[in-house]
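Starting off, we have a lone chain in the form predicted alone, written out as structure tokens.
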């Protein structure tokens, strides 16, 4: 095959300027010798999404989670304000939406995850009004606090889909904040809280699940397992759920509905040769290298890595990816290895948090010399104040 001429070529091309892409670029910018790096990212805004739980709970203004993308691109790194449409790994190139063909020596793919609102019949275009809210979008997160504060009784339903999602604990964190708020400021009429989760357990690690079940009991929450939201009738205020084992569907009336949408890798990834059968970016779970193309690496939420999709996971993946990219450029053996570390700061109420940390084997990887399964105010303050600074000043600068 005769290769076409590239419009531009870089030693390292990074697809995605979110937490993963910026973190890898920042580490590569510190290397000696420094490789020629470009980031393909269409968005001009960057968000610290873990704080959206507290935005939805009325604790934080959403504007504090936003930064200009231009301010985060590492110095000396080329920012290409475009999006990738086609991967050509056999030709070491990608093609962007504008038609530009970009060549590379090493490709890093970290485009983040896609929210599939349209996968739930009747939902798209309805989120953010009429009692339907969600913390999973900057545009709709304010509606969550409005709905919680304005709730005056009836049935509050919170959902967790069967698909992998970013921040797997977030669907129940906002539920606990809502329950805590309603205990402190009771609605005028009787109410109930229903949690429909498309999983068989409240949390994958039993050490932390026990504390979450105590919170469920404290707030009187009704948990329905293996229930996946498939349709919403906004006018009738009913939600239809399908049981993942039996296939049986049931209708649940609601007064307030907090939706966590189904998620997937972006469509341009799912349709590419880099995706596995499930549509995620295929990658070795330790080296992050693609199994077919030795000069392609994947990390972050769009990857197939079998761990929770969190910013904390990306913080540990980024140095591995950067080290292995540099080794590939040198033609040297890969030295970086990722053990599946992830963290989920599980908010269980105002001033209450369980700090979950674990790895691929669900073994505990706790940072602090305490039992982190216990709900603590100190850990809540870590999430609210310390972790955002670690993100902006440490992780995205290649320092942590």
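Residue numbers count along the first chain shown, from 1. Computed from a predicted model, the values in this text were never measured in an experiment.
Only in words, not in the display: the form predicted together with a small molecule, which the text now covers.
If you check the small molecule in the predicted bound form, you find a heavy atom from every one of 41, 53 and 110 within 4.5 Å.
With the partner omitted from this view, the residue of 316, 237, 166, 289 that lies near the small molecule in the predicted bound form is 166 [heavy atom within 4.5 Å]. A single residue from the set 172, 310, 227, 324 has any heavy atom within 4.5 angstroms of the small molecule in the predicted bound form; that residue is 310. Partner proximity in the predicted bound form, defined as non-hydrogen atoms within 4.5 angstroms of the small molecule, places exactly one of 198-206, 70-78, 293-301, 227-235 at the interface: 293-301.
Contact check for residue 373: no non-hydrogen atom falls within 4.5 Å of the small molecule in the predicted bound form. Although the partner is absent from this view, residue 181 stays clear of the small molecule in the predicted bound form, with no non-hydrogen atom inside 4.5 angstroms. For residue 257, no non-hydrogen atom is located within 4.5 Å of the small molecule in the predicted bound form, even though that partner is not displayed. Although the partner is absent here, residue 242 sits far enough away that none of its heavy atoms falls within 4.5 Å of the small molecule in the predicted bound form.
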